[in-house]
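Before any questions on how it binds or moves, here is one chain, the form predicted alone, in structure tokens.
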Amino acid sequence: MDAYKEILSLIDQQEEWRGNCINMIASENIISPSVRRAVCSDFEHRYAEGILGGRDEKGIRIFNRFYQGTKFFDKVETLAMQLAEEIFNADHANVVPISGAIANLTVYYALVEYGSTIGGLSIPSGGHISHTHVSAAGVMGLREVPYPFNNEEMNIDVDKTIKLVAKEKPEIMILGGSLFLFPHPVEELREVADEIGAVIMYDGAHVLGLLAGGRFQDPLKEGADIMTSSTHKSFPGPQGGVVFCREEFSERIDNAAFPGLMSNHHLHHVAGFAVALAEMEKFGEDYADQIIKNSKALARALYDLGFNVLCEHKDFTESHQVAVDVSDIGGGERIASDLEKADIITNKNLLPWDDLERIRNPSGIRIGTSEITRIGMKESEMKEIAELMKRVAIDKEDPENVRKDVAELKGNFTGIHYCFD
């Protein structure tokens, strides 16, 4: 009983604390009441082992289930797949993966053998850990070939990468990443991928909410064969994963997801994802537009106040992320920790010129605007947030003093926008 009370108390404390914070973790967002209703529904208790088995003569998806009791979930999953395919211009969507990393592993398992070679960004240059041997790629013993990176442009060096992959011949060429300010060169790398017989996989986990609004880029139209993603970063859904692909890859992806890597997928998360997809179909353009406006406004305000914000010559960013080099004012660990004391939540982040030994105290912090956009903040609030951050990081004001002003600002934004509720 004591543990029971303590756990519930900790949940209450978490919700009260984070409800007063300005949350700018780029990999987080907040779900609407309707998505929360779906996640907390009866689907949370149920199983639906099995996958779709094509379509009938009317074009209706056929599900091959190994459990009874799925007649309503089959319709939910059909709607989720249909919305996902329409919104992201995909031939096929698989909503079985339970995270973005598992979505990536699904592609590896479907397409390559143990020990194969893949290409992608290094972790300091923005690659996700699942693109490397330290995570999902390592599960299959894959050898990663890191792309050359242009630090000034904060993007892949296309010419050098073409030469590298022509030599190394990776079977999968990964684009997308965790530190992701600008669109990646999908079209520019399509030709060399065809020459070496590689599949282009675009990890859209961070930018899926922007892609849903028709912003940033359109990876599958630009030449990607497969797009993987989580469902909860700039995209405002519950935590989960998804794989989009061309029709030629659909059977292999489906079989890798089930029964290859997963038994029962999380039905309540699929239901929540479906609701979030419906929200983005209706409100996605306005949402994505405001995220980008907020990112640019916040970056400009921070820059004008003396922060070393990357890529001023490119208007800082085209995504939900802002990258700041704080090495001259304390380093990523110190600055992120001090900001947290003021209830401003960001994360320390490696920058391309860091080596992995600096992971505990990297040069940068990464800032995301998805959640603060979802609760209704706009450009004027970005200037206020920048001032609050300056007081902590540059002026070295006691974070406890700043925390009171953070709570006052956050208290004006208690609703959730860009949804039906």
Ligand SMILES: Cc1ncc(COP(=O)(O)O)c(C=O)c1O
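These numbers were taken from a predicted model, which means no experiment stands behind them. In this text, residue numbers run from 1 along the sequence as written.
Although not depicted, the form predicted in complex with this ligand is the subject of the following passage.
Of the stretches 231 to 239, 249 to 257, 302 to 310, 145 to 153, only 231 to 239 has residues with a heavy atom within 4.5 Å of this ligand in the predicted complex. The shortest heavy atom separation between residue 99 and this ligand in the predicted complex is within 4.5 Å.
Proximity of residue 106 to this ligand in the predicted complex falls outside the 4.5 Å heavy atom cutoff. Residue contact check for residue 177: one or more of its heavy atoms lie within 4.5 Å of this ligand in the predicted complex. In the predicted complex, this ligand sits within 4.5 Å of a heavy atom belonging to residue 130. For the candidate set 224, 322, 205, 243, a heavy atom within 4.5 Å of this ligand in the predicted complex is found for exactly one residue, namely 205.
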